[in-house]
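The chain below stands alone, shown as structure tokens; this is the form predicted on its own.
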């Protein structure tokens, strides 16, 4: 029996997941759906592959990962076209996304040994006769659940970190973008044909739940806060640790000495790229009163030049359109004004750029993640008020500040995991910077040194070098030796 197909909505027929373009309905591809038994078997194979992969050492893994990086570069147009077909995003956006993914593979491969390799620690008083060492050991198998909005760079971040650290990976792509996910797995197999070090399992939400319960050593999840809580609940059943990158409601603060034209251009990019379907997208702007009017005019001018269906692609997940419509309607009903777009901007599967002002703080357009090409601009008295309102959210993923004299100080006060100063979204493209949020935006980090360490356990080792001068950790210590320890303790640590 053939299910009714709606463009962009994944359909399962006869055990096969069918992916389609959200605008045209054109089929992007088909993949087999995994049940719980298949997920468990995939993880079992991954555990065997992990032992082989770990045995390659840092140099061996580095060489294979750099070959994968180069393969992606050679075939980047192919990957971009597939991503455009499956998500609807413009080809240029897909190219930029793939470029960031290449950066993360390259950085993880080149830096894993330096960050995770064994290192000696300084000797301390109590055990002066011992040397200390720290090394990082992989978990074995890491499960990665990826999102649909950035199906290349977002999963490649934890995948590259986990692989560089010596783990095998089982990857569950979003059911909205399984074909891009399978492309990543298949191309990796071209450079690592010996063992199934990177595998994919496909399906709907129950497949992700099965992966959490499959015996993986750690999970990495990117998606909504609601789903993140379900992932954590499933992981908690077996105390499986997890890295969570969830929703966001990121804010941009524009100070009085900001370059208004540059700030407006960055605000439009940060809010409208990928049709606003960006976890670190700018959804709120707080502009100080002296430059507010000029900034709003500049944003409206720049956003008004974007062409829906070209620079602004379709909304990839059809049910998100209802959320975007509800947020716009709520903002207008509560007294907000649309200076660009508005209620009529929602024309499925597209939403035209919409800029809203005078939106009250209790509106869903201010409080909740919209995930569409909308932007609210709020006038504030000064930077202090801007910081207070920007931080008035349960989320805390990214953010941005435009200004000169005080921009960095303002950035440090934002409650978020990342901030861009005089730009937007740029921190995602730097492989050496940790990426992650606070509050309902999640915890843990991918990318950079912190990201590598997320996918390996720290292991401490002490080695006796000589007989104990001051025996402490033994029943054979004498009262005189204990007294000597007390004297040494007071000499070394008794003063302020």
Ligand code: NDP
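Computed from a predicted structure; not experimentally measured. Residue numbers count along the first chain shown, from 1.
Omitted from view is the form predicted in complex with the ligand, to which the following refers.
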{"item": "Proximity to the ligand in the predicted bound form (heavy atom, within 4.5 Å), stretch among 89-97, 76-84, 324-332, 230-238", "value": "230-238"}
{"item": "Triplet 138, 156 and 196 all within 4.5 Å of the ligand in the predicted bound form via a heavy atom", "value": "no"}
{"item": "Residue 402 within 4.5 Å of the ligand in the predicted bound form, heavy atoms", "value": "no"}
{"item": "The ligand contact at residue 455 in the predicted bound form, heavy atom, 4.5 Å", "value": "no"}
{"item": "Heavy atom of residue 368 within 4.5 Å of the ligand in the predicted bound form", "value": "no"}
{"item": "4.5 Å heavy atom contact, residue 123 and the ligand in the predicted bound form", "value": "no"}
{"item": "The single option of 426, 406, 391, 224 touching the ligand in the predicted bound form, heavy atom within 4.5 Å", "value": "224"}
{"item": "Single option in 204, 260, 128, 134 placed near the ligand in the predicted bound form, where near means a heavy atom within 4.5 Å", "value": "204"}
{"item": "Residues from 246-280 in contact with the ligand (non-hydrogen atom within 4.5 Å) in the predicted bound form", "value": "246, 247, 248, 279"}
